[in-house]
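Okay, so here's just one chain, in structure tokens, the form predicted on its own.
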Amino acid sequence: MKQNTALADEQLILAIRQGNREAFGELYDRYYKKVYHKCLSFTKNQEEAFDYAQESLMKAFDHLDTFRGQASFSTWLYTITHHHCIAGLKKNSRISTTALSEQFTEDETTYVAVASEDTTERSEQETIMYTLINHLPENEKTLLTLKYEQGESIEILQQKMGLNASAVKMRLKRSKEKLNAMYMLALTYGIEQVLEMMEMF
């Protein structure tokens, strides 16, 4: 499917539900910048906003079957993004419980339905991500594992890798961008085809 901005969101979602994986890429391209700027308004940090935007979009795509069309897709997506940012900031102790409760909207049930599914089964997103990470070059795999699975600080990564802070951050940024690009390709073309492509390089 070539990008066609004349297609309504609902048409793209219908195409996705009918097995047209290329529609994922178009929907992603349509909303990534808006979701990123919404996340940036919460985090005030570009790197965090990048992570939150990717996670919010992936969460929404993994749960498209819960979208019922009672509100527009953009409202549904922004609700998920809103709550993902709030939950992330609260987890990092950067927003109070009172502020959190004040941020909830009438669409809270939409997010709760998605969150409850996440707690009962390992999501497709996680399965694809872990598979892709395991097929990355060893240095990138190690870096992402240390940072995001083991929670190592930049300072610890500097010591373990013999790099300065800016070099560690740059490698993390590039590895995340590569991983997220591979993820979107996996949604579009299938994980098997992406793994075959990775083996070629």
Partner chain sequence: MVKKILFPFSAATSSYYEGYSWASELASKMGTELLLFTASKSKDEQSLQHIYHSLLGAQGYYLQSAYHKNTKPARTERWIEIGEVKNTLLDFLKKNTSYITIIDPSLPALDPPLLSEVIQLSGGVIVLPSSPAPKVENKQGAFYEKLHQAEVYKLPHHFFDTLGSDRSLFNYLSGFFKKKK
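Just so you know, these numbers come straight off a predicted model, no measurement behind them. Residue numbers count along the first chain shown, from 1.
Below, we refer to the form predicted together with its partner chain, which is not included among the displayed structures.
Even though its partner chain is not shown here, does residue 21 get within 4.5 Å of it in the model of the complex, heavy atoms only? Close contact exists here: in the model of the complex, residue 21 approaches its partner chain to within 4.5 Å, heavy atoms only.
Give a yes or no for residue 158: in the model of the complex, does one of its heavy atoms lie within 4.5 Å of a heavy atom belonging to its partner chain? No, no contact at 4.5 Å.
Tell me, yes or no, whether residue 68 is in contact with its partner chain in the model of the complex, where a contact means a heavy atom of each within 4.5 Å. Looking in the model of the complex, residue contacts with its partner chain do not include residue 68, since no heavy atom lies within 4.5 Å.
Wondering, does residue 25 line up within 4.5 Å of its partner chain in the model of the complex on heavy atoms? Residue 25: contacts its partner chain in the model of the complex.
Only one of 141-149, 172-180, 159-167, 51-59 has heavy atoms within 4.5 Å of its partner chain in the model of the complex; I'd like to know which. That would be 51-59.
Residues from 36-50 in contact with its partner chain (non-hydrogen atom within 4.5 Å) in the model of the complex: Heavy-atom contacts to its partner chain in the model of the complex: 36, 37, 46, 47, 50.
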